[in-house]
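Next comes just one chain, in structure tokens: the form predicted alone.
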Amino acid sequence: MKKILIIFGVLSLLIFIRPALGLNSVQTNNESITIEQTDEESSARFIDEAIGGIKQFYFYTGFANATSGHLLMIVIGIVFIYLGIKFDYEPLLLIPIGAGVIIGNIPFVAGYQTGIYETGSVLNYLYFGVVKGIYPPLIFLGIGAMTDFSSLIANPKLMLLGAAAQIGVFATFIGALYLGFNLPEAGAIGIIGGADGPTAIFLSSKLANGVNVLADGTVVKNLIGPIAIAAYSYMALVPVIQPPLMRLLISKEDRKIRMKPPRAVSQKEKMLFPIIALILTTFISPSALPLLGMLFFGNLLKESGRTERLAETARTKLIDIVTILLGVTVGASTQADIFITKDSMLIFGLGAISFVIATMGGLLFARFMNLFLKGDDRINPLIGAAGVSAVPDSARVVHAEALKSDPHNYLLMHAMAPNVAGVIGSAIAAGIILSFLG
């Protein structure tokens, strides 16, 4: 039996490789006529087939379809990952985005369902949450579940600093109009000044998604990718951008101002705050309900004392999952042929200017407030820089800068008040813009 199996196997192998050996059998009148090809013909045919196979294989590789744009974007993705790992610049954002940039710029043959813009591809389905504005409210739910509003409740006047920093939004809006963007596009670009990535994605998915059509028939461009990348990039660069502005606009004497400890906030106040804030802010800006509603709902889960399990899920597992999906898909949307454009470069330039204006607005308004405050009520103007909604990085930068002037001046809790106010302010600003331009 074993010998039979061996013979059968050898015969099967010979039948299978016969074409490769150049032998063909033709059965005629029960006689087998074997046509033997010459060695030269067999070798030539084998070489031609091998070359053809290699060419076909190469045609479907990334090497054959790569452009300088793809390579440039891959380098940018690597830089994002490097910044996140080496310098700890928002690693939870920059590393997923950097990986997404690399994924989105692997070259492939057009028409294959692998790219994020190819209908039916896995990446396209995941990108649905960005295009339809699903991910940002879920991010806000997690932020609400991990945020302590005590410092803002204890010192409500610091909310004005969060509002003052939103000047960057409207300055960027005007700048975008000046550079030739239409109203919806300028509105979406303007929100970069709020330094809030989820809010920027939410607004751009509504206004500049490549689907909306103006009254004159003009199709609004899809600017979600450039706007999101610009917003997250400048959020990550808070430790680089803000300190020089603080030292430029705030004197060393003012940087040493010590603020009195905030009063103790009761649990009852903490529970009432998200309910009252939800009603007030959404009555002011109903279009911001998806963001503010989820923000204060998440905070209510945290402060109610009865839903700790839900709050824990929102601030850990849920926000982690959504951050991964958001970062990778936003990064993957930066395909070279779509992302490397004049518009993208202008958006990045406007983003840098808007972030500087927002920081300056908060710092200068803090100095202005001190004109009306006396004694222990005075505030350290540095906390005005925390009015941008890059939570909690801008508050940490303020704290670190204060310690350089006075090693015993602890501003972190004070800076968290305008910082969380900035989150609320940027969402309100996005809602106002959406109500006018949506």
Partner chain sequence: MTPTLLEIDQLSEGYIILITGLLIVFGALLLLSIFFKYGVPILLYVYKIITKGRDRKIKDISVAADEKFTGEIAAAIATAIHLYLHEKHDTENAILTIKQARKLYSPWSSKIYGTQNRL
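Positions refer to the first chain, counted from 1. Values in this document were obtained by computation on a predicted structure and should not be read as measured data.
Beyond the structure shown, there is the form predicted in complex with its partner chain, which is absent from this document and is the topic of what follows.
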query: is_contact(Phe181, its partner chain) in the predicted complex, heavy atom dist at most 4.5 Å; finding: yes
query: Touches its partner chain in the predicted complex: Leu138 (any heavy atom, 4.5 Å); finding: no
query: is_contact(Phe87, its partner chain) in the predicted complex, heavy atom dist at most 4.5 Å; finding: no
query: Contact of Ala417 with its partner chain in the predicted complex (heavy atom, 4.5 Å); finding: no
query: All of Ala163, Leu280 and Phe365 with a heavy atom within 4.5 Å of its partner chain in the predicted complex; finding: yes
query: Among 167 to 175, 335 to 343, 115 to 123, 245 to 253, the region lying within 4.5 Å of its partner chain in the predicted complex by heavy atom distance; finding: 167 to 175
query: The single option of Asp320, Asp148, Glu312, Glu269 touching its partner chain in the predicted complex, heavy atom within 4.5 Å; finding: Glu269
query: Those residues of 405 to 438 which, in the predicted complex, come within 4.5 Å of its partner chain by heavy atom; finding: Ala421, Ile424, Gly425, Ile428, Ala429, Ile432, Phe436, Leu437
